[in-house]
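We begin with a single chain expressed as structure tokens, specifically the form predicted alone.
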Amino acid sequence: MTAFDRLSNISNVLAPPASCSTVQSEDIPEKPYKATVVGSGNWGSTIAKVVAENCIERPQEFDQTVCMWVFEERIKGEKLTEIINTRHENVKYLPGILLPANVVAVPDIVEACKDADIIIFNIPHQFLGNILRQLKGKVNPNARAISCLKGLNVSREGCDVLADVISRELGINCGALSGANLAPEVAQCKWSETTVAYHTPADFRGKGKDIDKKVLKHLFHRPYFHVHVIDDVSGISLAGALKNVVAMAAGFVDGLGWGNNAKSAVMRLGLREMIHFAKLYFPECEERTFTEESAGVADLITTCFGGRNVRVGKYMAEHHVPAEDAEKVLLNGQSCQGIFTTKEVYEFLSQRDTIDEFPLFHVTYDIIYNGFPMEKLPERIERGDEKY
């Protein structure tokens, strides 16, 4: 990135876009809401950029400083937090993108979150438990949260979406954000859309005193990042998790060179299984979340054509290597969530003797974990599909 590019980016961030609406008097809270982003991978850094731009643009509504918790690493001898705070670039996970100067990288998770009114979780979901243990009892009890995580919490007792886990462990209301959002494209301000889901809690303290759907729209919506706010937290959480399993299978098809017809067949069955899973175990979900929202079918399409899960699945097929090896080669230390979610979904469905109702999820697990031949995938999903 040249010096001219950096100056242009700064100008674009600091100057409100022409399409920006003026902050209305009824939108001004008693004190500006403070936002913290937990996570600094490519998607965490991108969301921090989006939020920080809106905080600059709406100073009466949002605190100007956006803390971003960063797992401290050294990059060529320098601390990653220091690089972000001085060069305003996450050189490891989002290189070439200038972050607004009001994004402040903080290596201490408690310090990053202690005064936040809204905490945005954006980490690989397998690390959530450890993060919540560190934060329990140490966050603002009136805070609210948004989960950008793509995964499920599976135990012998059942299956939870991660927004519910956050709510239960921290005692704060949590919604979710998910959509057809490849981080590099959003970071480059290429137009896209997303879905935010949020239930107004029973202890809502009132307009101007608490986070509501309108505040969330103002926090996340950008001219290049359009937000639709709905109620279905479970639906968009499930869609965001389960589409990664489908994307692994789509990657196998890509790697085998079977073409777009075969990939479309995998995606069709995958969407069907996603909806079936939701209806069976989360009956409060709305089917239209999967068929009409960015968090549903649009995210499935994007992930199966351009996400990290499809890339890992393709590499597995092309190079005949295990999933973990493909992840290490391709993702620069980031996680392929489909590997973990495939196992979690399989274990949950197996415990309930319903795995045979999900032939695509089943065969994807067998390919990743049992070495089942990818070339036999059509046989498995054809037989299973007759069960519907």
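All values reported here derive from a predicted model rather than from experimental measurement. Don't overthink the numbering: it's just position in the shown sequence, from 1.
Although it is not shown, the form predicted together with a small molecule is what the next lines describe.
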Are all three of Asn42, Phe71 and Phe127 close to the small molecule in the predicted bound form, meaning a heavy atom of each within 4.5 Å?
yes
Using a 4.5 Å heavy atom cut-off, indicate which stretch of 26 to 34, 327 to 335, 343 to 351, 51 to 59 touches the small molecule in the predicted bound form.
327 to 335
May I ask you to check whether Arg144 falls inside a 4.5 Å heavy atom distance of the small molecule in the predicted bound form?
no
Mark Tyr93 yes when one of its heavy atoms lies within 4.5 Å of a heavy atom of the small molecule in the predicted bound form, and no otherwise.
yes
Heavy atom of Leu149 within 4.5 Å of the small molecule in the predicted bound form:
yes
Would Asn122 show up as a contact with the small molecule in the predicted bound form if we use heavy atoms at 4.5 Å?
yes
